[in-house]
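Take a look at this one chain, the form predicted on its own, written out in structure tokens.
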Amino acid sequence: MARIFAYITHKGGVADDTALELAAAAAQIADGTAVTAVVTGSGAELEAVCAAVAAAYPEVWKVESPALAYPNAEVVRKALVQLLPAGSVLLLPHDTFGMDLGPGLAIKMDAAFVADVVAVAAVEGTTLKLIRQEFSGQLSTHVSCDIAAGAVLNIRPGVCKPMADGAAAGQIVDKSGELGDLSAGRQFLEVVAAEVGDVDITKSDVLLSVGRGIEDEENIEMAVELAEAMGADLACSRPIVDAKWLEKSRQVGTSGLTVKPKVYLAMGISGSFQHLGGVKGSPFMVAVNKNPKAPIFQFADVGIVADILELMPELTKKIKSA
């Protein structure tokens, strides 16, 4: 079995939720082989992330350089090509950064590449049978991937149940001294904070989020009434913002805001990875969609096949009467 690595993304000294999800995905592939986490960065934040990740991985590679202080995919790609042994299998989260990093890295490694993996169906020697989704989740594609020469796999966030932290800390190995040239044409300039509106949905415990199923701007009021009745804040998917029915500060997703509520009610949302990539922390998710094959149902704790335009007014009445 090839050596397996998981690339850990982090921010502010805190590892992303996908760190434990990648550990679970790697365990399905590894067949008993130890999995190594790779953490790049600089300074005290990197130290904190490595220490935290060591609770879930038997070995953690610390890769430190001033050039890696900001997660620039061009620089990280150079670092990984220098450090990863030939024939390695690397797991990445399928988010905006992972999509930037993965394809080019697979080319540099002369390895196979599979994006947006939602399940590992089988492991047969050096052949992985993977499931990924296409056409906004309307079609599941079964892919055979030969990992004999290595592979880069982008795992969709949320599809693997996070692996629990272990009781003992793994070994942290400093690989920084093995780094060579990390110069890049792309340079980090600044972080522009996302707009915060009258409600900061990133701090909400309960969110009611609406998508294309709302159909018309006039129907937004139904969602507003339901959100008020259940004590939730109103959020939405990108199409609602593109139509200018709600402001950008209420958009959840990779091109919007990242939220971490305790309860997430998805109304008329199909469940693309761009939207679910903005939902962190494994909230209790209730999904309502009239399409029984909507991808959102694969991630929901409770799924309801219904027309939200019929369900929302009735649910509002029930909550108010209670």
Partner chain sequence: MEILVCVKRVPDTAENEFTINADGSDIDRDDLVYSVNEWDNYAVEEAIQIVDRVGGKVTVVAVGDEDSEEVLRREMAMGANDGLLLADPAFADSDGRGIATILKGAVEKGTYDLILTGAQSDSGAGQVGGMLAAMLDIPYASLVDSIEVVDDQSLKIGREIEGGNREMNSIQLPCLLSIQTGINEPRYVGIRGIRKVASVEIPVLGSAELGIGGAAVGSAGARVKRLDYFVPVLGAGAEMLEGSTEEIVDKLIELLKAKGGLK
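Worth saying up front: this structure is predicted, and the values here are computed from it rather than measured. By rigid core we mean the largest C-alpha set that fits within 1.5 Å across both forms. Numbering follows the first chain given and starts at 1.
Unshown form predicted in complex with the partner chain; subsequent notes refer to it.
*Asks:* Quick check: do 131, 231 and 303 each get a heavy atom within 4.5 Å of the partner chain in the predicted bound form?
*Replies:* Answer is yes for this spot.
*Asks:* Choose from 22-30, 51-59, 35-43, 249-257 the stretch whose residues reach within 4.5 Å of the partner chain in the predicted bound form, heavy atoms counted.
*Replies:* Stretch with heavy atoms near the partner: 249-257.
*Asks:* Even though the partner chain is not shown here, does residue 104 get within 4.5 Å of it in the predicted bound form, heavy atoms only?
*Replies:* Residue 104: contacts the partner chain in the predicted bound form.
*Asks:* With the partner left out of view, is residue 206 within 4.5 angstroms of the partner chain in the predicted bound form by any non-hydrogen atom?
*Replies:* Contact with the partner chain, yes.
*Asks:* So, in the predicted bound form, is residue 138 in contact with the partner chain at a 4.5 angstroms heavy atom limit?
*Replies:* It does: once the partner chain is placed as it appears in the predicted bound form, residue 138 has a heavy atom within 4.5 Å of it.
*Asks:* Given that the partner chain is not shown alongside this chain, does residue 114 nevertheless sit within 4.5 Å of it in the predicted bound form, heavy atom to heavy atom?
*Replies:* Although the partner chain is absent here, residue 114 would touch it in the predicted bound form, with heavy atoms inside 4.5 Å.
*Asks:* Go through 143, 172, 123, 179 and name the one with a heavy atom inside 4.5 Å of the partner chain in the predicted bound form.
*Replies:* By the 4.5 Å heavy-atom cutoff, the listed residue in contact is 143.
*Asks:* In sequence order, which positions of 284-299 have a non-hydrogen atom within 4.5 Å of the partner chain in the predicted bound form?
*Replies:* Read in sequence order, the residues that approach the partner chain (within 4.5 Å, in the predicted bound form) are 284, 286, 291, 292, 293, 297, 298, 299.
*Asks:* Any chance the CA of residue 19 moves 2 angstroms or more between the shown form and the other one, core superposed?
*Replies:* It does not reach a 2 Å shift.
*Asks:* With a threshold of 2 Å on the C-alpha, tell me if residue 239 counts as moved between the shown form and the other one once the core is superposed.
*Replies:* Passes the 2 Å threshold, so yes.
*Asks:* For residue 72, does the CA position differ by 2 Å or more between the shown form and the other one when the superposition is done on the rigid core?
*Replies:* No, the C-alpha position differs by under 2 Å between the shown form and the other one.
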